[in-house]
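Given next, in structure tokens, is a single chain: the form predicted alone.
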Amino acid sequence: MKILVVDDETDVRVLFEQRFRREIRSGLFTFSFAYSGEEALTYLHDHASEVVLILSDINMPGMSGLELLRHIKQAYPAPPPTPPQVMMITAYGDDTSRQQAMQLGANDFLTKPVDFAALKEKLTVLASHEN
């Protein structure tokens, strides 16, 4: 299952690669990383059919995660082809951001610091539905 992680903080790459080391080695998950909303859209333009899930930070300079979500939902409407699922991640667990993300079509909403055990469980369930 190919997952695109979008976050302006570059250290998330190391964090995800450490926390999902076994799943990456076994081939269960493949991660790609974009460090801005604009970079994520460019990546999706070239790899849209491969990406099953997008994990995006909400608060980023330039294009916010919510703006990215809006672009994704407009560019990749419901089937066919199956649009990628989008989980939003934020350091601010406020109801306004959550409601806005869900109204824009987010599939899930996570707060930082990310509970990697819970995230791993959600991704494993999603991966089992892909196969």
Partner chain sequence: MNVNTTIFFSILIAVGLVRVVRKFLDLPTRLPRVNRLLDYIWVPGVALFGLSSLVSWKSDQLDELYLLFVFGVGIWVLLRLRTYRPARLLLLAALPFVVYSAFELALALAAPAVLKEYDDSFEVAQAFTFIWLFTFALIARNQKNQLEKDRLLREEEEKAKQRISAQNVELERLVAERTATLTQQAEELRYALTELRITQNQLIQSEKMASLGELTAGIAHEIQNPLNFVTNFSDVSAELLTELEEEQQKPDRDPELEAEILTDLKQNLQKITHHGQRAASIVRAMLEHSRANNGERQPTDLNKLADEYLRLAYHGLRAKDKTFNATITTFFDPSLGKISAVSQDLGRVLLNLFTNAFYAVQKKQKDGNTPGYVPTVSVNTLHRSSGEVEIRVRDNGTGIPESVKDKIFQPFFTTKPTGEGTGLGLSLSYDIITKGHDGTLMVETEEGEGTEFIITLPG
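Positions refer to the first chain, counted from 1. Every value quoted in this text rests on a predicted model; they were computed, and no experiment measured them.
Heads up, the form predicted together with its partner chain isn't pictured, but that's what we're talking about next.
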For the chain seen here without its partner, which of 102 to 110, 29 to 37, 47 to 55, 87 to 95 has a heavy atom within 4.5 Å of its partner chain in the model of the complex? 87 to 95
Report yes if any heavy atom of residue 9 sits within 4.5 Å of a heavy atom of its partner chain in the model of the complex; otherwise report no. yes
In the model of the complex, residue 60 touching its partner chain (heavy atom, 4.5 Å): yes
Taking its partner chain as it sits in the model of the complex, is residue 15 near enough to touch it, meaning that at least one heavy atom pair lies within 4.5 angstroms? yes
4.5 Å heavy atom contact, residue 19 and its partner chain in the model of the complex: yes
